[in-house]
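In structure tokens, one chain follows: the form predicted alone.
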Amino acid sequence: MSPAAHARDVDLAQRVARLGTETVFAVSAEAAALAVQGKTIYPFHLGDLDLPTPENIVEASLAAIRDGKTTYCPNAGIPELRDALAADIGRARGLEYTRENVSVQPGGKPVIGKFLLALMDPGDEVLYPNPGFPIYSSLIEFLGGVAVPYGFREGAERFDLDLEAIERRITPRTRLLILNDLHNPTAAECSAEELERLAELALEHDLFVLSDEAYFDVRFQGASRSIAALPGMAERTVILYTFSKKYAMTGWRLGAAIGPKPVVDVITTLNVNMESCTSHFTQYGGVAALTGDQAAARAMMATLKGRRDAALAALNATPGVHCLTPETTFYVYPNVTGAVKLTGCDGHESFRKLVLERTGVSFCTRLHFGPALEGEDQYYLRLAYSGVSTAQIQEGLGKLKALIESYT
């Protein structure tokens, strides 16, 4: 019997039917197939970085390899990195953490699953953002929870949380709230008033919060805030931290969970069960990232800001498109409702395919970040400019503009 036939006979666990994925990788594969055929592709679909990891981080990890740091290490992470994370995260948020509040992880994603495993029982309800990172709902449902979405509303200058929907959807079974401030995909940033209201709801309904702060340090103006810094919230918030974004370390798989010691201890015990530990030598790169010269990180932000500005200029000059100006993340989230109607497309996916085939501009749509919620009647794209040069942005989005203009 062939391996393929064998696979069909496997009686998989029932939970597998509830396991989701990131459909952005399907978009990536589609774009790659066109590239093989010789088409120029402008890859706005994947939130990866084409900028190099700062040299001091690379050198620190190479030195650690040469020094024999290729063995197992403490399950919670090396003390030097835990201390550096506690100091850096605490200082930026006005909080006091110690290494006992830090569990080093192989990336940011594992924090999501381990947070849920530590605090969610089957049948518990978890509020999560939609549109949002699709792994939230995937893991909630896979682990037996009930994923309850909340959305955003486009305002004149920013996307606002639908606080009314969040309040309305809290029930006696609601246990957890997932908050992705500095948000993927919209680049939305909570106002001080929104964070305060969320904190009030968490305290009133005894909710624990996962604050996904992957983009906390990816900003071009102003200062980021954390819900954990509000009164009573440090005791009920786990911060998801990742080195991927600020230091161009996506492939290094290095992150951390920071929060109350009882929860962090469980997360570390899950490390014991799942990975033993995070890669030893990469953690020395993390120490260098946090404690070393920040010039390379600042230069990266300047490059990303230039790309953002180029994308905004091109998009807002395109018929049927308007885009708010985000001060955070490396995404723009244009409203393309007018352009979709101009081209005669019947929705997000037909528009995406038309643009990809005619121009080579590859992007995700709102529907790659969860199903549309009741009442949604606008069309949005998410364009990541983290892996596309300014010249590529201008050329690719120039082709998009020309395509839409051909229908006017």
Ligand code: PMP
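What you see is a predicted model; the values in this text were computed from it and never measured. Just count from 1 along the sequence shown to find any residue number.
Below: the form predicted together with the ligand, not depicted.
Margin query: Even though the partner isn't displayed, in the model of the complex is K109 close enough to the ligand, meaning a heavy atom within 4.5 Å?
Written below: Yes, K109 is a contact residue.
Item checked: Residue contact check: S137 to the ligand in the model of the complex, 4.5 Å heavy atom -> Output for S137 is no: heavy atoms all beyond 4.5 Å of the ligand.
Item checked: Contact test in the model of the complex: R93 vs the ligand, heavy atoms, 4.5 Å -> Residue-level check for R93: no, no contact with the ligand.
Note to self: Can you work out whether F216 and the ligand are in contact in the model of the complex, taking contact to mean some heavy atom pair no more than 4.5 Å apart?
What the structure shows: Heavy-atom contact with the ligand at 4.5 Å: absent for F216.
Notebook entry, point to check: If you check R82, K114, R308, K245 against the ligand in the model of the complex, which one has a heavy atom within 4.5 Å?
Noted result: Comparing distances to the ligand in the model of the complex, the residue within 4.5 Å is K245.
Check: Y97, Y128, Y333, F133: which sits within 4.5 Å of the ligand in the model of the complex by any heavy atom?
Finding: Comparing distances to the ligand in the model of the complex, the residue within 4.5 Å is F133.
Note to self: Please tell me whether the candidate spot formed by N180, N184 and L240 is one where all three residues come within 4.5 Å of the ligand in the model of the complex (heavy atoms).
What the structure shows: Every residue of the spot touches the ligand in the model of the complex.
Margin query: For the interface check, one of 245-253, 271-279, 319-327, 141-149 should have non-hydrogen atoms within 4.5 Å of the ligand in the model of the complex; which one?
Written below: Selected range: 245-253.
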